[in-house]
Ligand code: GLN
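This document starts with one chain, in the form predicted on its own, laid out as structure tokens.
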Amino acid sequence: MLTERTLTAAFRMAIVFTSTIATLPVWAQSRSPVAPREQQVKAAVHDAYEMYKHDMSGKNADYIPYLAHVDSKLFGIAVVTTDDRSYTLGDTDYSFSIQSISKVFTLALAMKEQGSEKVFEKIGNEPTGRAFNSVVAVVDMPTHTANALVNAGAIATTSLISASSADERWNKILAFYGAAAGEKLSLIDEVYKSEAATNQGNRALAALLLKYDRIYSDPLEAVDVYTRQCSVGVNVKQLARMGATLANNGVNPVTHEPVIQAGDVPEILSAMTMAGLYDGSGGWAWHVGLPAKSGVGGGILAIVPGKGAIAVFAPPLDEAGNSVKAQKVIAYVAGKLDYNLFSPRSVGLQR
């Protein structure tokens, strides 16, 4: 039988425990109570690597000459958690171009500077139902650019970054990416030159945005800065850390620096869910259930809010422009670790 004295003692212990947790720094409280155990993550990453390392489905992007010549056998996996645990395998030191994954972080910077509602008003968050570089999608939506993760919307988002010159805008973007990665990042100059020589389509999109008053700096300047941001080099661990910063309410799990505004994180993740894998976004949400963003350089970044992020690099792409191998790996790892956000199992509820 519980006595008044027993209850009082239990109550005091509860207060001490709660007080101890409350006095811990935010980063020390960041580990999700339903995060998988370390051995589970290691096993999932190892098994996925072994299962798919010989899968050569798809082909490298060839409309950017540099990307066509990247070794298609390169393959790396990284998982970084909100409490700064890292699990990596494969070609994890290879620096590849971030490409369209950059759109997520430029969106975060624009929201930080302009406010989320202003960005939503000027850019939008609706799927286009068309290819990522569609001209028709711009014409069909003359009041906004659909979303920040298709090319037209991404160029407009880049133009929203406040600056007095192209170099100032570019340096702000690069510094923001570095803060999210927890270390300095650099431009891959060969990629930039290759893209700049073949980005006539993006220049045409910028001109069309100008016609509808939906670009907010000089159009060609915006395209050039956008081309540079897509040419930033990352390895899979750096990319996973950028994702873990989103998963950790905008706080970098390594530096403990608040990089992205916490209130913007749900809206950024919603954009990734709606359009992160272009025409494959609906199927991805159906089968995997994680906000994610792909890049034609071969990377895919998936976010597990409160737990961490998965980044995979493998250059061969499907017809929608998404790494074939990366999709398979993330789907496998997410399934093994109950990471699907639409499943009650992701918060510990079992059948």
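Here the structure is a predicted model, which is why all the values come from computation and not from measurement. Numbering starts at 1 and runs along the sequence shown.
In what follows, reference is made to the form predicted in complex with this ligand, a form of this protein that is not presented.
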Hey, in the predicted complex, is Tyr177 touching this ligand, heavy atoms inside 4.5 Å? no
Give a yes/no on whether Trp286 approaches this ligand to within 4.5 Å in the predicted complex, heavy atoms considered. no
Does the 4.5 Å heavy atom contact test between Thr273 and this ligand in the predicted complex come out positive? no
Applying a 4.5 Å heavy atom distance criterion, does Pro291 contact this ligand in the predicted complex? no
Candidate site Ile77, Thr92 and Ala314: all three near this ligand in the predicted complex by heavy atom within 4.5 Å: no
Among Thr81, Asn235, Ser281, Asn151, which has at least one heavy atom within 4.5 Å of this ligand in the predicted complex? Asn151
Identify which of Asn202, Asn252, Ser159, Thr106 has a heavy atom within 4.5 Å of this ligand in the predicted complex; exactly one of them does. Asn202
Based on heavy atom distances of at most 4.5 Å to this ligand in the predicted complex, which listed stretch, 256-264, 165-173, 93-101, 182-190, is the contact stretch? 93-101
Interface residues of 210-242 toward this ligand, as seen in the predicted complex [heavy atoms, 4.5 Å]: Tyr226, Cys230
